[in-house]
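Here's a solo chain for you in structure tokens, the form predicted on its own.
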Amino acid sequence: MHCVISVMLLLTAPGGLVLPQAPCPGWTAGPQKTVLPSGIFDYMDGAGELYLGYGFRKLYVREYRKSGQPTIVCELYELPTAADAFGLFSYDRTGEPLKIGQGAVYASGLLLAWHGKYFLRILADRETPESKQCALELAKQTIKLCGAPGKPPAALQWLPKDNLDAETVHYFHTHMCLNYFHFLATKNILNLSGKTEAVMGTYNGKQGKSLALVVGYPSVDEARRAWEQFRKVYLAGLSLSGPHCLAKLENGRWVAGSQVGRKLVLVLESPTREDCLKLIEQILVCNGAKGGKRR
């Protein structure tokens, strides 16, 4: 949701990238603005923490208008790395897949894409056939400004591919981002920060879905402390069994966890004991634990 933007926090470009000025015939471009991290909450309500969680550096904004058509807003976020740009894109991939940039989707007037270290968001306040066509053309032109393709997060390899729903995979760093994707706890019990990397995804099983989360820490000691805190807080009062602290939650779902080196591996909300145990062992092997045993 957009709001009136403070002049002190929203700067008129010319520095940096220049968004397309005439993407489609008959559409008029407004002046380009640049939003800095310090001004994100003046620009948008609610979702500012998400963009800060990926360390965005600049946001380039331009509006496009045509008589009888909805206003189109183009937002291009500059991130520290291509991995972070993918992370923002991974927040929501609902919609029609598009061959634009390194990944793109479109649904009901909203187009999302990523390419290199940039994340693109194009939104029309209502959808018409002409506004959709203009949004697609605007996206293609904007992506050309974003330079060479970038590498997706290496952390994506922490999740084994068998039975993984690729469209549910999220990459992130912070506790706030985790709770956007799956609410775990009010407090930051996994000690997530800008120095951690995390990847999560949903696995399909015969009895239902399981959620897997792998967090990489700067050191083995930090992973150990996070694992100890998770057991102390999240698993408190539960009956734990086996080397992976397998436990049944009050809602009937199953949870398990293990530390392997500088990584913490968790399986959450699994439908059965067997599914939970099988999945955590597969993930541990994928991350270098011999025979699925924890360290």
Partner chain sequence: MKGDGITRRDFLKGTVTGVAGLALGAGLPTAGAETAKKGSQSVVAVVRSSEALTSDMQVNVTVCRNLIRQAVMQAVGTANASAAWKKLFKPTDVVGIVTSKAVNPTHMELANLVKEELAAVGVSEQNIKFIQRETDLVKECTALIALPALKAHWLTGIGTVLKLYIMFSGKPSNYHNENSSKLGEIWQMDFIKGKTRLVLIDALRPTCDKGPQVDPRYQWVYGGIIASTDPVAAEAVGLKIIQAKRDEIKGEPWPLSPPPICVAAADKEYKLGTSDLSKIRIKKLGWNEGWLI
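Residue numbers count along the first chain shown, from 1. Remember, predicted model here, so these are calculated numbers, not experimental data.
Unshown form predicted in complex with the partner chain; subsequent notes refer to it.
Note that among 138-146, 79-87, 122-130, 191-199, the stretch whose heavy atoms approach the partner chain to within 4.5 Å in the model of the complex is 122-130. By the criterion of a heavy atom within 4.5 Å, residue 91 is counted among the residues contacting the partner chain in the model of the complex. When the partner chain is considered in the model of the complex, residue 29 lies well away from it, no heavy atom lying within 4.5 Å. Remark: residue 220 does not count among the residues lining the partner chain in the model of the complex, judged by a heavy atom distance of 4.5 Å or less. In the model of the complex, the partner chain sits beyond 4.5 Å of every heavy atom of residue 63. Distance criterion of 4.5 Å from any heavy atom to the partner chain in the model of the complex singles out 110 from the list 164, 110, 156, 98.
Looking at 20-47, the residues that come within 4.5 Å of the partner chain in the model of the complex, counting any heavy atom, are 44, 45, 46, 47.
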